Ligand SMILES: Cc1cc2nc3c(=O)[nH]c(=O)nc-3n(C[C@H](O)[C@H](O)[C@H](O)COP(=O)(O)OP(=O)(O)OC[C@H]3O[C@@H](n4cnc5c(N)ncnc54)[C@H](O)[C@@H]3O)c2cc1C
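We begin with a single chain expressed as structure tokens, specifically the form predicted on its own.
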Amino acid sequence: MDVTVIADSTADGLNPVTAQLVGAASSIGGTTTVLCPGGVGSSQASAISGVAKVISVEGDCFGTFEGGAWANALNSLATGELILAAASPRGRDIAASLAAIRKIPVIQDVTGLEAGMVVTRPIYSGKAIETSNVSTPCVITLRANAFDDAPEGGSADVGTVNQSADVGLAVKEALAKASERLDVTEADIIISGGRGMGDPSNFSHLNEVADIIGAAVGASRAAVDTWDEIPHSMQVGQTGKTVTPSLYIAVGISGAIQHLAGMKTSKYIVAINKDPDAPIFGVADYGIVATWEDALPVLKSELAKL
């Protein structure tokens, strides 16, 4: 089986999870080609045992991350029946975009992959393990440290392909960069709003606070489900993103169990809610019983003084 691995990289080079992806591919007898977005880590990838070929994929779109643009640039080069990526924020985004482009299945957060395409992954927040047989073509993301590293000792050829962005991708990239905010999974400070914000337009007040302190803006599931203007990518919770920032500010969020599951391990939690009995106060380090209309202007004023 031909397997394409999407390399995962950091500012320092290849992320160690890439060797784990190659190890997983080798365990099912795959012939592995590694694609290195932006050319990062291509020489390191060639030294991984089990890699048959490395393609350094260069292009304008790799200057900043936008999942759809990266997936479009990688699509024609991902020739394997099986595409593997890391279950990281970037990896999941690229995997989902590639699967959508090709109209094939995507299986996220896999922790086991065996010959015959038997995959296992945790479900219900890790309370159960799902085992299933999947058929190719498909895209799968693998969790870090769930698979053994492929050893070093390889000497795969490295090719370079320059995928210059077309006008459509360039426009998307420019718009993404202009409106870019930190992903909630990577931010050290998060301010999130719930349905208590009253209207999606009121999230602009959260954005103003976020701009002052360099925070990401999140949302509760109730807000995402209620308003189309609030995208799922902002959702924090059991069915959204699990976060562990140094500071989490919850505004107009009651504190449903599914939301608490995604943020209660934050180092310091500040809650603003007009209901003194809101469950969010049960996990908050500091609670403010007030409407967001009263609390946010004061919060913004004080933060601006820092």
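Each form is matched to the other, and the largest set of C-alpha atoms that superpose within 1.5 Å is called the rigid core. Quantities reported herein were computed from a predicted structural model and do not represent experimental measurements. We number the residues from 1 along the sequence you see.
A second form of this protein, the form predicted together with the ligand, is not displayed here; the remarks below concern that form.
Within 4.5 Å of any heavy atom of the ligand in the predicted complex lies no heavy atom of residue 53. Residue 264 falls outside the set of residues with a heavy atom inside 4.5 Å of the ligand in the predicted complex. Interface membership of residue 278, defined by any non-hydrogen atom within 4.5 Å of the ligand in the predicted complex, is confirmed. Using a 4.5 angstroms threshold between heavy atoms, residue 293 counts as touching the ligand in the predicted complex. Comment: the ligand is not present in this chain, but in the predicted complex one of 195, 90, 102, 143 has a heavy atom within 4.5 Å of it, namely 195.
Only one of the listed residues (110, 216, 150, 222) places a non-hydrogen atom within 4.5 angstroms of the ligand in the predicted complex, and that residue is 222. The stretch in contact with the ligand in the predicted complex, judged by heavy atoms within 4.5 Å, is 236-244, chosen from 31-39, 44-52, 236-244, 60-68. Residues 253, 254, 255, 256, 258, 259, 272, 273, 274, 275, 278, 290 of 253-290 are found to place at least one heavy atom within 4.5 Å of the ligand in the predicted complex. In a rigid-core overlay of the protein, residue 69 has its C-alpha displaced by under 2 Å between the shown form and the other one.
A displacement of less than 2 angstroms separates the C-alpha positions of residue 88 between the shown form and the other one, with the rigid core held in common. For residue 239, a C-alpha deviation of 2 angstroms or more is recorded between the shown form and the other one after rigid-core alignment.
Between residue 61 and residue 218, the Cα spacing is larger in the predicted complex than in the shown form, differing by no less than 3 Å. Between residue 263 and residue 144, the Cα spacing is smaller in the predicted complex than in the shown form, differing by no less than 3 Å.
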